[in-house]
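In what follows, one protein chain appears twice in different forms, each by itself as C-alpha cells: structure 1 and structure 2.
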Structure 1
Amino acid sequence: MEQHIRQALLAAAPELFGAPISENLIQFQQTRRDVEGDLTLVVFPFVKMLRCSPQEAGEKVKVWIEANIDSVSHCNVVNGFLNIVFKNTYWLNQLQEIQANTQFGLAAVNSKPTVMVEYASPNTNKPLHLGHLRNIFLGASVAEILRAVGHKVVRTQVINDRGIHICKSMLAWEKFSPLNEKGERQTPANTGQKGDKLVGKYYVEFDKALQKEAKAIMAEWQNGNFTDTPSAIEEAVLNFQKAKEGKDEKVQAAIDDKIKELAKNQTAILQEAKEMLVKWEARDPQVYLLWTTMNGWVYQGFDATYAQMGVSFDKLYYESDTFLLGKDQVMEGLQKGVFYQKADGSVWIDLSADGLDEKLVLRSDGTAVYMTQDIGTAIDRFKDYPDLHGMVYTVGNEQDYHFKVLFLILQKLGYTWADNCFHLSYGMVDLPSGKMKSREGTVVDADDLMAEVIDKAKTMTQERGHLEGLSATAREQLYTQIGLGGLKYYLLKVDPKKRMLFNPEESIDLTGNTGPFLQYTHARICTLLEKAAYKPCTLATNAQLKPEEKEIVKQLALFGSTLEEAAKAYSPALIANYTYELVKLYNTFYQSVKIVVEPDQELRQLRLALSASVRQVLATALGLLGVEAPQRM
C-alpha cells in the first residue's frame, strides 16, 4: 500500500507539485498511536516546493490522495503530518489474505542464494556455558530467519578440537585420574559423568597443578634462587623485580602477572603438555588414541547439550582437519604481492593503508596461525559448496578486529565473495556480579542453567494449574518448552550487538516481555479456536472493524517487512520486539471483546479469523527464535 501511494505520488508530482520529485522526498512512517490514521506521510519535504505552510501543503496532498487513491477513506493533517485512513474493506481484505495464506510473510523457499551460518564453534576442553548459549541461540535463529526470507542455509560450526588446551586436559587426565578397582582411569562410562564435564574437570586440574608449580618457582625466584632457570629468563625476572620498586599497587600487580607468566612457562607440567602437542602433530599413535577418546567423550556431551537446546548443524568442520589449510593461499598471495616476507621467513600483510596494522599470516617456522587457518577454511567452504554466496560468522565482539582483517585479506586475494561475508558480532553476557570468570568460578554452565530454568518452569506451572488432562510426559515436555522458551527469548530479545546483563531471576520470569508470555498467548488462542471449532472461511465484507481489531491487522500486515529487516540486520531481536507488540495488541483485544461467545455469527467468525491469524504469525515468529509454541499451558 505504501508502495502504491508512493508510485502514485511520483507519477502525479508534476500536476501536484509543479515538478517531478525524487523518491526520497516521500517519507512514510507509522502513525502515532494517539492520532487517527493507518499511515502517515511527512509533508515537510514538500513545503519548500509548494511555497506554503506545512498545513497548506498537507491539505493539498490530502485532497489529491482522497480523490485518487481507492483504498483511502479519508485523511487529516496535523502539524505537518498527513495521516491517511484506509477504508474498512481494505483491512478486511488484508485479514482475508492473511487468513488464507499459511505461508504468510515468508518468502518462497530457496528463492535467494545459499548462505552459510557458523555458530557455536566451541573448544573441546571444557563444557558449554552461558556465553555459548547466546552465541548458539543467536546463530541458530539467524539461520532460521535467513531461511524464512528465502535463502538456502547451511548451518555449520568449526570445532576447536586440537591445540595446547586439549593437550592440557589429556595430560591431566593421565596424571591425576584415580584408578578404580578394575584399574581404569575415570571415564564417562565408569563415573556416569557427562563427557564434556569430565574432560573439563581435568582441564581445571591441569590449571591447578600449573598454578601450584608456578607459585613454587616464583617463591624460589623471590629468594634469589635461579639454579634451574635459563639465564635469559633469570635476567627478565630480575628486571621485572627491579621495575616493581617504588611503583603503586596496580603497576606492581601487573608486573607480578608478567613474572607469573614466565614462571608458568618454566613449569614441568606445561613443558609436558607442549611435548604432547608436538607428539600429536607427529601423529604419535598413543597420543592420538587418547585424543580421539577424550574428544569422543566431549562430543557425546555436546550432543546432549545441543539436543536439549534444540539446535543442530548441517555440516561440521574440525580444526584438526583444517588447521593446515591456508598455507597454499598464503604462498599464492605472496606471489601476487598481497603479502610480504620478513628476513626470518615469517609472512605478513600490511594493512596500514586501510587504517589497520601489520598482521602475521604465517609463522617464521612455516606453521599456521589462526588467521592462516581461517583464510584456508573460508576458501575451502566455497569449494565444498559451489553455490555458496556468503557466510555469517557468529563470533563474539572481542574478535571484531580479527574479522575485519580476515575479510580484507580475502578481498585482497581477489575473492569477490569476501563482500558477502559478515561477522555477526555480539556482546558479552555479564552477570549481576560482573563478568563471568572461569578462575573465579562464576561461569554459568549451559546444562545447569537449562536444567534450572526448566525446573523453575515446572514449579511455577504447577502453581498455576491448567494441567488437568495432560499426561506426565506431556507435562514434562511443557516445562521444557516454557523453561527453554523463556531462556531463549531472554537472550534473543536484546540487540545482538549490545553487551547484555543476564539476571537469573528475570530470565525465568513469566510475566511481561518474556517468552512464556508469548507462549501463553499462543496456548490461549489454541484452546479458544478449539472450543469454537474454528474453520477458515470467507469473511463478511460489511463488518466494521473495531480499533483494537484494526491495530492487530495492521501489525500482522507488517510481518513480512519485519522479517526482511531482521534478515538484513541479522537481528532476532527485531522479530522478538515485533512479536511482543503483536501479542500485546492481541491481549488487549482478547480482554475487550467476546469471541467464542459472540452471538453475531459474522462478527464471531471475523474475530476467530483474527485470532487464527495471530496464532499463525505468532507460531512462525516463535519458531524463528527457536522458541516452541505450546498448544496449551
Structure 2
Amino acid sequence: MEQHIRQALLAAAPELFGAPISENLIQFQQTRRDVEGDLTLVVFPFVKMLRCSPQEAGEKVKVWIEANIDSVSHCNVVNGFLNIVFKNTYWLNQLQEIQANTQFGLAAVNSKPTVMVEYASPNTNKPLHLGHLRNIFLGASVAEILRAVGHKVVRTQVINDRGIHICKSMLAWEKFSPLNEKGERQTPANTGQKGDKLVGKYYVEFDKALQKEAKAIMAEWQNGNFTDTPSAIEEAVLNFQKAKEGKDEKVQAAIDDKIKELAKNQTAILQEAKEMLVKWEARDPQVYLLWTTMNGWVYQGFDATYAQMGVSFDKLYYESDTFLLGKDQVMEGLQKGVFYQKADGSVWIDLSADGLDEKLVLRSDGTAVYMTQDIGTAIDRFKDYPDLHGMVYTVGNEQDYHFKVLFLILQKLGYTWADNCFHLSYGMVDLPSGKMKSREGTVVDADDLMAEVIDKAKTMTQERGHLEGLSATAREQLYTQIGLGGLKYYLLKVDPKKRMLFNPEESIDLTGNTGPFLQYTHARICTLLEKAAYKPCTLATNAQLKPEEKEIVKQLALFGSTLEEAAKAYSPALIANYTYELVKLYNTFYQSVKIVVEPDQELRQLRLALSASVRQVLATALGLLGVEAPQRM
C-alpha cells in the first residue's frame, strides 16, 4: 500500500502540488501506537511547494488521498504528519493473501546475485566454544536471510589449519603426551576423547610450559642475569625496568606485561614451535604427517559439533592451501610496487596515505601471516564462483582493522569485486566471570554448553508436563529443539555489533523475549488448529476486525519489509525482535477472544485464519534464525 500511495502521489503531483515532485519527497513512517492510523505520511517536505503551514498542507493531501485511494478510510493531520487509516476490507484482503501464500514475505529463489557468507572458520588447535557459537549462529542465520530475500547463497568457512598456534599444539603433544602400556601417545582412539578436545588440551599445556619458562627468564633478568639474551632485548628490558621506578601499580603492571612478552619470545619452547612452522612450510615429512594426523582428529570433532548445532557448509577452504596463492600474490604485487621489502627480507605494504599504517604481509623467514592467506582465500573464492557478487565475513570486532586492510589491499591489487566485500563485525560474548581465554583453558566449551541447555530444557519440560503421547525419541528431540532454540535465539536477538553477556538460565526461560516463549506460542497455535480441524477458505468480506486482530494483520504484513531490512543490515536481531512483537500481539489476542468455541462461524474462521497466518510467519521467521518450531511443548 505504501508503494501504491507513493506512485499515486507522484502521478498526481502536477495537480496536487502544481509541479512534478521527486520520489524522495514522499516519506512514510510507521504510525505511533498512541494515535489512530495505519501508515504515516510526513507532510513537511510539501510545505514549501504549497506555500502554506504544515497543517494546511496536510489537509490538502488528506482530501486528495481520501478521494482517490479506495483502500483508505480516512486520514488525520497531526502536527505536520498525515496519519492514514485503511478500511477494514483492506486488512481482510491482506489476511486472505497471507493465508493463501505459503511463501509469504519471501522473494523468488535466486532472483538476486550470488553472495558468499563465511562463518565458523575455526583454528584446528582447540574445540569450538561459546564465542564460536555466536559467530556460527549469526553467519548461518544471515545466510538464510539473504537466501530468503532472493540471493543465491554459498555458505563457507576457511579452516585455519596452519600457523604458529597449530604448531604449539603439535609440539606440546610430542613433548607432554604420556605413553600408555603399548608405548602409544594419547589419541582419540585410545582415550575416547573427542579429537578437537584432545588437541585443545595440548594447546593449553603449551601455554603452561611457555608461562613457566618465561617466568624463569624474567626472574633471571630481575637478578641482572642476561646470559644468552640478545643485547637489544637486554637493553629494552633494562629500559622497561627503569621506567617502572616511581610509577603506580597500574603502570608497573602494564610494563611488566611488556617485559613478559619479551621473555616469552626468548623461551626455548616458543623457538621450537617457530622452527616447526618453518619445517611445515618446507613440507618436512615428519612434521607434515603429525600435522595431518592431529588435524584429522580435530575435523572429526568439529563435524560432530556442527551436526549437533544443525549447521552446514557448501564449500570448505583451508588456509594451508590458500596461503600459497596469497604468497604468490604478494610476490607479484612486490614486482608491481604494491608491496615493498625491508632489509631483513620481510614484505610490507604502506597504507599511511589511506589513513592506516604499514602492514606486514610476509615475514623475514618467508612464512605467511593471516593477511597473506586471507588475500589468497578471497581470490580463490572468486575463481571458484565466477558469478559471485560479494562476500560477507562473519568475524569478531577485534578484527575490524584487519578487514579494512584486507579489502584495501585487494583493491590495490586490482580486484574490483573487493568493493562488495563486507565484514559482519560482531561483539564478543562475555560470561559473568569475565572474558574467555582459549590458551588458558578458561572457555565455555560449545559441546558442553549445548548439552547443558538441552538438559535444562529437559528438566523444565518434564516439570511442566504436557508430554503425554510422546515417545521417548520424540521427547528427546523436543528437549533438543527447546534447548538449542533457546541458545540460538538468545545469541541472535542482540544486535550483532553489541557486546553481550550470556546467561544459559535465561536462554531457556518460557517467558519474555526467549526462543522457548516463541516456540511455545507456535505449539499452542498448532494444537488450536488441530482441535478446530482448521482448513483455509475464503474469508467473509463483512467481518469486522477487532483492534487487536487488526494489529496482528498489520504486523504480519510487515514481515517482507522487515526481512529486506534485516538482509540489508545483516542483522538477525531485526527478525528476532519482529517475531517477539508478533507473538506478544497474538498472545494478547488469544487471551481476549473466543476462537474454537466462537459461535459465529464466519468470525471463528477469521480468527482461525489469523492464527494459521501467525503460525506460518512464526515458523518461517524462526527457521531464518535456525530455531526449530515444535508442534507440541
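Owing to the predicted nature of the structure, the values given are computational and were not obtained by experimental measurement. FYI, numbering is relative to structure 1, first residue = 1. Under this definition, the rigid core comprises the largest set of C-alpha atoms superposing within 1.5 Å between the forms.
The chain appears twice here, and it is structure 2 that represents the form predicted on its own. Core-superposed comparison between the two structures: the CA of residue 303 stays below a 2 Å shift. Shown in the overlay between the two structures, fitted on the rigid core, is a CA shift at residue 56 of 2 Å or greater. Core-superposed comparison between the two structures: the CA of residue 390 stays below a 2 Å shift. Summarising the core-aligned comparison between the two structures, the C-alpha atom of residue 328 is found to shift 3.2 Å.
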